[in-house]
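In structure tokens, one chain follows: the form predicted alone.
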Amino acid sequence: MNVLFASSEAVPFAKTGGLADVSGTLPVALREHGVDTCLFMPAYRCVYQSGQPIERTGIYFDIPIGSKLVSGHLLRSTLPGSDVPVYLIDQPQYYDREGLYNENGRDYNDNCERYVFFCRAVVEAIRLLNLNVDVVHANDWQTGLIPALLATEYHTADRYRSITTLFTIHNMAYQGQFWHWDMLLTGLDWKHFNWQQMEYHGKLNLLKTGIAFADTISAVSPRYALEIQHEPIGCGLAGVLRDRQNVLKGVINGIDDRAWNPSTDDALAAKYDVHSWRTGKAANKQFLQQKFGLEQRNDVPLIGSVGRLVSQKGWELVLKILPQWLRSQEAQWIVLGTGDPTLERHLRTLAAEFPQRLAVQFAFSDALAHQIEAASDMFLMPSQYEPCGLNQLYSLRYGSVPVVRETGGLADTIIDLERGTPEAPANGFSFVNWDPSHLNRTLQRALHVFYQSPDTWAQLVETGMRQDWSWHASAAKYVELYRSTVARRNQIQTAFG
């Protein structure tokens, strides 16, 4: 099985979110299941700053963009610790910029053109590199044109006619919508600009394009695959997804258990495992308390949060209860992330008022993210929606008990203390209604167990630490999807001669 993985970002080359973590680890995990993989992504400015070895291939190409030809060059690298090739689409006019998709809070006004070029370059590279491809695995709107190109313009060409496509949705909220005249940039016939394929309320929609043309569609958790078939989580495309529900599957993301392992993590003040977590987490908690000026007490629970400071992540709820918690509850908080300036301002004010109970850092640090997971007793994720979520999986690995809202991947991975069974043991706390009172009650339950039932708390910690959320199981499910996609295409081709 030969799989071409196309993504707009991948660690360690470029990252804005979880898509990069998936793209940088899943292709390696697939190799362990006997799948021959390669990865394609744009050669952004940060790619050259990543410290990864990059070589020129000497392969140049011209891509039609509307009425003009745009030249590009193919670079090559590999994913660290593997022999998975990474092909980088080099076009400085499009990708030599400060950001990936935006700068100073504004999307680049030529984003449609940039990713049309990327999609066409990926498809052309199959011919130029003489690749044998069974499945192109495209990810999110930036690659949404690839399934359309393969289903229309390339579907009868040699080397392309047997290629199938899997399109993975990582977040429905980001759809790649552009004005209708940008349809000219795609080079596809205007007949495809219709309500069933590429058009959405008079605009070109590249996420919808991928959904409409792909042979198989996946979402990054089983619950999210169900939720996006209904509004509001479908973000206007629920009907389109219901129409294709027979080829829509949900596969939970995995984590890189080499990078996220408290027994080998060099970012930590003290390494530990499931047998030594009490002393290990105490040492890491003391380290962060000292670093951020929090009161140095191991008996007080530390509540951690890492991620974007936006309403979707639940901060609208958190800020309604946080002032009272800081005044009256025996708990400490540490927050790492950037986002909405208003939310940052509120958190900064509270941190200044309660410096021994709340620490904040408004700049991302990978090392600090690891340290917070190791030091925290609880990890908070009260998301309004969460396609998969990775931080709750990191938290389980590091013995930080998740407190989450039951949605998307959070519902698929976290089992509330009151609903645990011998077959599916509890590993955290969750609530259903997106409401500050429900969040408050759930945190109160967690606090009560921490103080009053240390044996139960230890059981939650150790259950989470023993669970396997690596890519191994998830990669196996993707292999099943690839095989079923190819088999379905073969059946169709046999039926129609």
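So that there is no doubt, residue numbering starts at 1 and follows the sequence shown. Quantities reported herein were computed from a predicted structural model and do not represent experimental measurements.
One more form of this protein exists, namely the form predicted in complex with a small molecule; it is left out here, but the text below deals with it.
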item	value
Listed residue (307, 210, 399, 304) with a non-hydrogen atom within 4.5 angstroms of the small molecule in the predicted bound form	307
Heavy atom within 4.5 Å of the small molecule in the predicted bound form - the one residue of 363, 424, 173, 352 that qualifies	363
Stretch from 177-185, 68-76, 240-248, 332-340 whose residues place a heavy atom within 4.5 Å of the small molecule in the predicted bound form	332-340
Proximity of residue 312 to the small molecule in the predicted bound form, heavy atoms at 4.5 Å	yes
Any non-hydrogen atom of residue 407 within 4.5 angstroms of the small molecule in the predicted bound form	no
Contact test in the predicted bound form: residue 371 vs the small molecule, heavy atoms, 4.5 Å	no
Partner proximity in the predicted bound form: residue 262 to the small molecule, non-hydrogen atom cutoff 4.5 Å	no
